[in-house]
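Same chain, two versions here, written out as C-alpha cells and called structure 1 and structure 2.
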Structure 1
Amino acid sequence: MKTNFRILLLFAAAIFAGNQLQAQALTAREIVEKMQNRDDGDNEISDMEMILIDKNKKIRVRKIRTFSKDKGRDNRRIMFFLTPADVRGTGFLTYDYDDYGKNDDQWLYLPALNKVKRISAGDKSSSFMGSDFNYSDMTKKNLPDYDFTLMKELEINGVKVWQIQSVPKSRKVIKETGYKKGVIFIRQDNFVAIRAIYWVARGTRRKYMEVKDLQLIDGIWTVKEIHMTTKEGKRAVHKTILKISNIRYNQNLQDNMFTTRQLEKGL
C-alpha cells in the first residue's frame, strides 16, 4: 500500500510539474490567444444591469437584455435597452469576426431618430452609451495589431495569474481603440482576464477593470460582475458596474435575431 501511495504521489507531482512547464513555455501572445479563444458559451441569453456613477456619486441605472450566438468561429451579439425611458428601445448589434484581417462590424439603433447607425472605425474609441467602456471594448482585440510582453507571474486573491503588457503597433490602432497601452492579468487555471489597466490615448487618464464575480455555469467560466473605473491620477472621475444575471446557455437562437432589422424591431 505504501509503495502504491508513493507511486500515486509521484504521478501527481509529474502531472503538476508538466502543467507548470507547459504554462511557463507559453509566450505572452499565446496566453492572450488562449484567453480570447476559451469557451465562453453559445446561444446565450442574459440580463444586464449597467450602473453609471459620476464624480459626484450620482447614480444612473440601465437595464439591458443580451443575446449572443457563435456563427462558426465568429460571434454575434445583440443588446436591447429596457429601462429607463430615455434609452428604452435602443439596440446595439456586434459582429465579432475571428479573422484578424476583417474589421468587426457594429451598429447602434436610436429610437428617437428611428435610424440604425453603423459605428465607424473612427467612432470605436467613443464611450458606449455614456459608460466607461468604449465601442472597441465590446469586441476582441485584433492580436496582430499588438506587441505582447509577459511581465511577471503573481497571485491575485490566492490565484496565479500572468501579468501581460499590450502595446499597439501603430497610431491607427491607438486612434481606433482609444488606448495607447494596456496591462492585463490573466488567470493561469482558466485563462480569464480578471484585472486590467488601460492608458487612455488622450490626456493622462487611466481605466481600471476588475472582475468582481466569476462563476462556473454549465461548465463555462462566466463573468457576473465587472467594474470599469476611469481615474485622473488617484481620483475616480467616473465608474461603470455591469451586473449580469439570468444567464442561460444553449438557447434556441435563430440567425435572424442578429440583424439590423431586428435592431429596429426590438424585443
Structure 2
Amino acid sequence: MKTNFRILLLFAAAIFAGNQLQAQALTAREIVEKMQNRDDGDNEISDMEMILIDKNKKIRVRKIRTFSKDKGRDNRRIMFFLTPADVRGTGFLTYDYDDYGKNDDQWLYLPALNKVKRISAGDKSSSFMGSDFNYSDMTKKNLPDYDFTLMKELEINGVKVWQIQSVPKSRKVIKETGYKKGVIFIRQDNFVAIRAIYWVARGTRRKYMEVKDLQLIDGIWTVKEIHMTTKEGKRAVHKTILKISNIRYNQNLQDNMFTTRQLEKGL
C-alpha cells in the first residue's frame, strides 16, 4: 500500500490552480482522488511533536524527526525519536509501495538492543507510535475498495467544503483499516481534508480528526497541527496532537539516507 507520511497527516492535497475550476462537477470519488493525488512535497525533513493525552488528562510528549523521499510513485521514510531520553535514537524505516498488493517494508532499530529488525506487521489498523492515528490514517486509500457519497456542501470557518462519506465495500477492508465508516470534510479550494470522523470497527468508539493549522509552505499546503480524538459517546478517551515544525522541502536527500545502516547510525 502506498503510504505517504504527510498525506497521512493531511489527508489532503494541494492542486494545480487550473483544477479548481472543474471542482463544481466533481463526483465524490473524484474529489477524494484529487485529495489523495495533490502535491504534498518531496525530499523533506520535519520535526514532529506528538502530544498524547490520556483519559486522566495525563500528558506524554514525544519528539520525532522525519526524513522522507519519493521514489517514483513509492515513498521512503526514516524517523528517529528525539525525546523522551529513554527512547532517543529509536528509529523506524519504512518503504511504502504504491502497489496496493504489496505490503510495506518496515525496519526498526532499538539503540539499547543495538539491532535492526525487519518488522512484519499485518494490518494497518494498529496505532501509529501509540497515538490515536493508525497506520491506515497515514496511508492513501485504495479507492475502488470504498463507496463514496457526497453528502453535502457546507462552510467551515468561512471555507467551502465537501462532506463526503466513505464506506468500505468489504469486511476485509474494515479489518485492515480498523474503520467501518468515515465522513471526511474536504476543502473545495485546495483539496485538503480538514476534518474527518471515523467509526472504529469494533466497539462503540469514534475518532475525530481536525486540522488546526494549515499553511502554504513553498507552494505546498502543509498541515502544521492536527488533532485526533478518540471518543466513546461524547466522552474523549484519548487524544493526540501532532505539531509539525522545521519543515523543509526539496532537501535533496540521498538514497543512502533510507537504509538500515542509516537506521543504526542514527541522526
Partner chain sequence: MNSLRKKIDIAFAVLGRFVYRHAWLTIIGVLLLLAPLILQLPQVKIDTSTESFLHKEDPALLAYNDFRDQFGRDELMILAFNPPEVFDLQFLIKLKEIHERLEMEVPYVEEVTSLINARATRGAEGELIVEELMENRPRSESELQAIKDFVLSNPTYKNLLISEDGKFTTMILKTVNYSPANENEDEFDFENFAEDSSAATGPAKREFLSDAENSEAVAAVTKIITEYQNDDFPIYFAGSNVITDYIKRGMQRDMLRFIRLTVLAIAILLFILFRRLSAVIWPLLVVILSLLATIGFMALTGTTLKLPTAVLPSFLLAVGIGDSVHILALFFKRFNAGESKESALISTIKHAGLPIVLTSLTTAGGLLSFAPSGIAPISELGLFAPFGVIIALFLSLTLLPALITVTRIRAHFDKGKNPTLRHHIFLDELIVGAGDLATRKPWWVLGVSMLLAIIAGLGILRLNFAHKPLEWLPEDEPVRISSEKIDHALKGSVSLEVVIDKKQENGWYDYEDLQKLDSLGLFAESLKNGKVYFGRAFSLADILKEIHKALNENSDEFYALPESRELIAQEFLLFENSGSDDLEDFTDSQFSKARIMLKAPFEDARSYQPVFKALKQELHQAFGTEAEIKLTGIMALFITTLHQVMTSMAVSYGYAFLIITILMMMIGHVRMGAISMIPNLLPILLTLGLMGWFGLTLDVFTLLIGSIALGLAVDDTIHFMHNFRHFYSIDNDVARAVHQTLEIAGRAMLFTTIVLTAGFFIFMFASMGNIFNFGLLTGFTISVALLADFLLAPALMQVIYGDKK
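Being a predicted model, the structure only gives us computed values, none of them experimental. Rigid core: the largest C-alpha set superposing within 1.5 Å between the two forms. Residues are numbered by position in structure 1's sequence, first residue being 1.
One of the two isolated chains is the form predicted in complex with its partner chain, namely structure 2. Put the two forms on the same core and the Cα of Y109 is off by 2 Å or more between the two structures. After superposing the rigid core, the C-alpha of D74 moves by 2 Å or more between the two structures. Summarising the core-aligned comparison between the two structures, the C-alpha atom of T260 is found to shift 4.1 Å.
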